[in-house]
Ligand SMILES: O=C(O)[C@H](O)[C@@H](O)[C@H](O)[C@H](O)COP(=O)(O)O
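Next up is one chain by itself, shown in structure tokens, the form predicted on its own.
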């Protein structure tokens, strides 16, 4: 478990550009070290801006995209191609613009894929297991796992006080989500916390309370963002508005 660090940028646009630059560097470092890289994507307005910024970076061409595995931290259980799916957002903003091997893009199952949410979650867990190295745990290596932070402190589709918080399987269906749509699929907290680096990306004043509570040590059942961490690094990437309530002990780290 890593200690959290905080980086604050002036506004949401600069935040997206900074995260994009960090992501390119992280993928390059992973490929230099392991010959390949693995990223877990998130959804939301800041995530979309990050993906567009990566696509616009000249340095993106330094990444060997054919050796990048792309996973998702959660997904809305909607038909394939629905504009509200995180996969659809990421493809439009980034993946369609770079030469990723289609076999290394791992979207979560869609609602029109012939499975109910529980079976769809089991299928994704099986796909994760197939990508794991033989003799290791049933999960692949995640170099970086990106998360948005909800106004209520949720991450992926792990919501405050929701039963999914207690789920130990790698992937879980989520029913009764307090945020529409009500049915989703998510990596669980134990899976998220296997990533080498976890980045929590938040912009806007509406995120300030949740960010502050998480960094102040709130309980992870009440504020799920407080319960995530990377094995090597946990990085909060914020704009000034989202950082308004960051505890004083982190301010020297900005």
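Positions refer to the first chain, counted from 1. A quick note: this is a predicted structure, and the numbers were derived from the prediction, not measured.
Although not depicted, the form predicted in complex with the ligand is the subject of the following passage.
- Proximity to the ligand in the predicted complex, defined as a heavy atom within 4.5 Å, holds among 121, 174, 149, 145 only for 149.
- The closest heavy atom approach of residue 215 to the ligand in the predicted complex falls outside 4.5 Å.
- The ligand in the predicted complex is approached by residue 45, whose closest heavy atom lies within 4.5 angstroms of it.
- For the chain shown alone, residue 130 is not a contact residue for the ligand in the predicted complex, no non-hydrogen atom being within 4.5 angstroms.
- At the 4.5 Å threshold, heavy atoms of residue 86 reach the ligand in the predicted complex.
- Residue heavy atoms within 4.5 Å of the ligand in the predicted complex occur in exactly one stretch of 163-171, 99-107, 113-121, 179-187, and that stretch is 179-187.
- Residues of 196-212 placing a heavy atom within 4.5 Å of the ligand in the predicted complex: 207 alone.
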